[in-house]
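Both blocks below hold the same protein chain, though in two forms, and each is given as structure tokens: structure 1 and structure 2.
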Structure 1
């Protein structure tokens, strides 16, 4: 019987039973969470026990390698059957290229109705369904209260962007690094730009830019977001060498107490920060929503994150979809929630969450009027890559807010 391979098997298929007639190949980014790997191991073992003629094989790649290698693998003879997807226009592009199949005919209405509407919509286009959502993800500010207390900062008083900039200045005066991030990978910095756009113009501004309204991505919310990010960078709030640090290194630095704030997805809680269950409310780790912008058109309760799941590739065997439906059923959604691994997307399963951290993440998502998918995925690979690039360049000072917005618009026009 198969077990999930550990870190030593990175980038290699973990092959199980020798006599299985069908293999289902799953491709996903690597997870450093032993708890998540155990969850997968348990689900696969359960499935293979009931289907001895099926082998479920998983290939892991580090996050950046996954994004760069996936297009080539989808075009090759070694095409995986199930691929991890952040949805958005990246998935749409894969559908248009004929690399992902419509699975709607194999899904009954009762099952489709069990998903939160917004979650299923991320993997659908009208009546067509190209994959199944599995988890909701949220980007938040992680805060080390021991460091903020040392600087005399009241976290509960940080409500607006100006409040946050004031906290950054106070931390600097106290000799404490305010922010840590993995700027080498760029996408951690795009969280700042994306949230600032959301606060300046709301999700409506992003939709309007995509539809070509007003000045597209050169409209006021995008330029203002770039200016605010440049103003933040001018305070030199990040650790030295921020643009040379990977996402994992940035997360690890925060876990080691080398910075007061980290803007990152909730997955960092178990995967790289390495905190114990319950410490969110009992220890020094706190989380904060991204602050509001006074005068901004965006709802301050709006959230940025992901609806992540798996798409079924063209030519995949029927067993691939069968396993995917087994993986994303109510029982496993509740179990993942109970273990604190993710916020589930099947309705009625969130009440299984027991970990205080995940409970708070779930509450923020439920209170959000709109949950915006990461812009580097939502806008498609080429435009999303440009958003990541300009986010890093706004931190380095190599681009103006106006030029940053113009580059996104140009990328959108030539996508």
Structure 2
């Protein structure tokens, strides 16, 4: 029976193969959200039904493997046509190497204008456009109101960093773990450092450091951010063994009510914490923006997160771009939003979001004056890795704020 089914499948494949003249290969990191995979299958099926001569194949790699294998894949005959991208310097390197193409000529202005400006900017350089953004991601504080209530903390009163430190101390006194995180993976801790830099100096400070103004990454906002992170670490706010916990473990601990706050990307809501809408922590999940720093130059409404999308590789057939435009059209943006999979990046499609959590995330992104991309992506693999390193070491007390800033600068120079 199995053989027959297999043979039938093979025949079907052969028939399909005979008709399909062009294939479009999509490569993306693995997602542990079955709903997102379903979304892809639905879009591909819809596209293939409308274009019987095109065959869209999607391939998944584990996240870390995706990053390390991509350079080789891009330079081989097995080069995919559309590649997942977190934008940032990695995309710039790919552009410089001529592995990604400028698609601006094939996009009409009306379509380009439909994107949120910040989202499109992540994938373009002046007039040139190297890919299309698809989703916006946001890092926020997840809060367990049940625990904060127990400690007598009013979440809505946490507005500044000092308020936040106060809440951490109060929670400690009440015997509740204030923060949970996954320090073995390091990047969950880099959210703290990045946000502190954003609050201290704004996105401009990061741009200035990259351009080598002032003292580069050793300028005041970076050192001050390191100091604030060291101050936080001195309170021992994290769960015991934070440095040996993976990101998933951190998320799971929060989901099990073992910590009051979790600083994490909105994806944790559906992907890792894995809950039906509103059900997490029996409705006591609240989200908070990262607190402001008094006297900090950064706008407190500024956000940290991701602009993720797809770049079109050099030599990809025109169908690849056509499919990408189909994938990222207003209708599918709305559909993804409706299913609660992501915050869309085409303006006016956010109203399709039905999950209250995602609605709140969307509102924060829309209200943000500048949406900074995760520093570990934005600054490229090497400098980004260093930011992750020093973030973990600031928590373990293995580096001083000055040395931390100097290490980033050194990595930047050696980039």
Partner chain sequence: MAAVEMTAEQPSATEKLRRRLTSGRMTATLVLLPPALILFTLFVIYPLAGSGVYAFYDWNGYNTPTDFVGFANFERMAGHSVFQQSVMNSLKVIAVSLLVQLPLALLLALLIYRRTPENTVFRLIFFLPYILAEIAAGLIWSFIVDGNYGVVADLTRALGLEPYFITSDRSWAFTAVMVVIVWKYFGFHMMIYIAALQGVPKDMIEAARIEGASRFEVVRHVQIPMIKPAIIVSVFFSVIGALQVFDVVIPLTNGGPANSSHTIVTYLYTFGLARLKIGYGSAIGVTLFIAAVLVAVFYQRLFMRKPA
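The term rigid core refers to the maximal set of C-alpha atoms that superpose within 1.5 Å between the two forms. Small disclaimer: the values here were computed from a predicted structure and weren't measured. Numbering follows the first chain given and starts at 1.
Here the chain coming from the form predicted alone is structure 1, while structure 2 comes from the other form. Annotation note: for the two-part rigid motion between the two structures, residue 319 and residue 238 are assigned to opposite parts based on which superposition fits each C-alpha better.
Relative to the larger rigid part, the smaller one turns by 12 degrees between the two structures, according to C-alpha superpositions. On the core-superposed pair, the CA position of residue 48 changes by 4.3 Å between the two structures.
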